[in-house]
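Heads up, the chain below is alone and in the form predicted alone; it's given as structure tokens.
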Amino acid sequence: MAGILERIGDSGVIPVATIDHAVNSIPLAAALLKGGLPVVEVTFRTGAAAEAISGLAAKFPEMLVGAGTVLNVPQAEQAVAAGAQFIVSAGFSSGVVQYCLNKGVLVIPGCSTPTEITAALEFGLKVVKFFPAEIFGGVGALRALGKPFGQISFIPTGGIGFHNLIDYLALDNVWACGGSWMIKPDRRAVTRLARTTMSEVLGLSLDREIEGALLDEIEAIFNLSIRERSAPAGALARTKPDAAVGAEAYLIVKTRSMARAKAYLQREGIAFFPETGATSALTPASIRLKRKAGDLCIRVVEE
């Protein structure tokens, strides 16, 4: 369970999908994976949910597939039998929680009041869903709940999108965010929105202006759009050699979350090597880019 919870945190976002026909779940999952999001929650709001989960679990072993809107134990049993790796509910059901704990399945019950959060703590849970997030006070409510309940984290869902995603993820007690803003009938749109979402989650930016061709090259490596930061005039003509990594030159790519950036790099198949002398709690990661002008080190650091 801990490993699955960690992978959800590394993604930062759980796409929530309601599937009317199980066959539609395969292209949707493929589009999410292509966009850099290896997790999906299939809600039990339709009769196709269990079949969709079963098909996704068989087709995409690299993807975390969960069941959402699980209201009772029979639904939880059906979801687990279909291959769901985690269970999410809108409210708190002690029966569902106990069933999942007995089965060793990660459960994320909905908790929007101090009483429900206390009940979750009594079951030993470390992460719960906060739903509907915006209706129940949003960022302000979670900030307030963090004071008496510092030992638990939340996955807010409901009313979250590009306009407020980073506000939630900036909170220390937010594990990830859930939502359906990237779930569209057009699968190309799903991939585009998933990439845009991951760009927001990671917040990659450059510490200097660089030439257009090199920026294109770097964005291709990350499979994401990188926002250029204001910097003094003068592109990366030739920075000082970086003896520490043996590269001819280097530039800095900053991220909101080193842990999520490293996890994303690994999922994208990007090899990186650790450095010493970290400027944050986590050691920077570097990627060596081979170029005609000499090796370039792309150093990723946390803001």
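In this text, all values refer to a predicted model and were calculated from it rather than measured experimentally. In this text, residue numbers run from 1 along the sequence as written.
One more form of this protein exists, namely the form predicted in complex with a small molecule; it is left out here, but the text below deals with it.
Here is the short version: of 173, 196, 164, 180, the single residue with a heavy atom within 4.5 Å of the small molecule in the predicted complex is 180. For the options 222, 168, 131, 92, the one in contact with the small molecule in the predicted complex, meaning a heavy atom within 4.5 Å, is 131. Contact with the small molecule, judged by heavy atoms within 4.5 Å in the predicted complex, is confined among 187 to 195, 155 to 163, 97 to 105, 135 to 143 to 155 to 163. In the predicted complex, the small molecule stays beyond 4.5 Å of every heavy atom belonging to residue 59. At the 4.5 Å threshold, heavy atoms of residue 16 reach the small molecule in the predicted complex.
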